[in-house]
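Okay, so here's just one chain, in structure tokens, the form predicted on its own.
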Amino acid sequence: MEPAETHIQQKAQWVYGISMLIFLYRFMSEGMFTQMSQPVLASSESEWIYTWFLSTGIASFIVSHTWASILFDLSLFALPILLVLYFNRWLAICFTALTLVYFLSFNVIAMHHYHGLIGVLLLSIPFWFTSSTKFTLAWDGVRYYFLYIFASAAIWKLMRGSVFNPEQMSWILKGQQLDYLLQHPTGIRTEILSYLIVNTAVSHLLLLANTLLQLSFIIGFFTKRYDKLLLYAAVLFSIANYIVMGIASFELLILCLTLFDWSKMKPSSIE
């Protein structure tokens, strides 16, 4: 196997191995088609992609036929396993297509736009290409998108001026965490949230730190020298975001693979 092919194979094993774990987590959370009890697809979408997708009838067909739901879910688990053991670009394309169907269907059924699977979707695209040059360009494109997620969030806060409001973070916590505080009157996380709501100066410093951390990802557009630090920053942000805001963005951490220094990774023994 050529060095370039070995490099792509190694990345495939990581990407599809983690993807398999993500879908396993969704299965344990009862979020697969076979666990949804044939939900009714009520269209209230204004975005053209969802409107078009619903008009195809694909989602309706899958959720209304038990055998189709079982086959679809099994395919979502089987394809990553096959791609880890034996990489094939056509299997990679099939995996992207099925993940896209699941992603759009899940958001329609939940009537909320969950973005966690964006990472799996985007990182599966580079494996469509057999050319090492095209693969690298696509891989780097996903890396830039990952950087954009963080940097744009910081710029949005700065442009709106919310980061300069001393009470902004306290207000956000009051609005978003009220249900949690009522349902969990005691506990470490409740104490943390209550403290941040009352102490606006501390919560504002947290907002400033969060904005600076997100803004630091701009560095990645100019150099890859600090990718390792940005990887740690992404993990730190996800943990803090879950503790403070209750937002689970761990599925997106698969995009951290684009920040790895793959030149230091040992080749896998799987061929």
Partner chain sequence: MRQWILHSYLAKLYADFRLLFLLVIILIAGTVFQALKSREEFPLLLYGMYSLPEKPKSDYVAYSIVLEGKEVVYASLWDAQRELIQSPLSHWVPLLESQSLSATDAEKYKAWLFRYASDMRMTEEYRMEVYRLSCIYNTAGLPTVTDRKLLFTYLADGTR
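Residue numbers count along the first chain shown, from 1. Here the structure is a predicted model, which is why all the values come from computation and not from measurement.
Unshown form predicted together with the partner chain; subsequent notes refer to it.
- Using a 4.5 angstroms heavy atom cutoff to the partner chain in the predicted bound form, all of Met36, Leu104 and Tyr180 count as contacting.
- Although the partner is absent here, Pro166 lies well away from the partner chain in the predicted bound form, with no heavy atom inside 4.5 Å.
- Among heavy atoms of Tyr50, some come within 4.5 Å of the partner chain in the predicted bound form.
- Using a 4.5 angstroms limit between non-hydrogen atoms, Phe260 is distant from the partner chain in the predicted bound form.
- Taking non-hydrogen atoms only, Val120 never approaches the partner chain to within 4.5 angstroms in the predicted bound form.
- The listed set Val84, Leu98, Leu91, Ile149 contains one residue whose heavy atoms approach the partner chain in the predicted bound form to within 4.5 Å, identified as Ile149.
- Counting a residue when any of its non-hydrogen atoms is within 4.5 Å of the partner chain in the predicted bound form, the hits in 97-116 run Leu100, Phe103, Leu104, Phe106, Ile109, Ala110, Met111, His112, Tyr114, His115.
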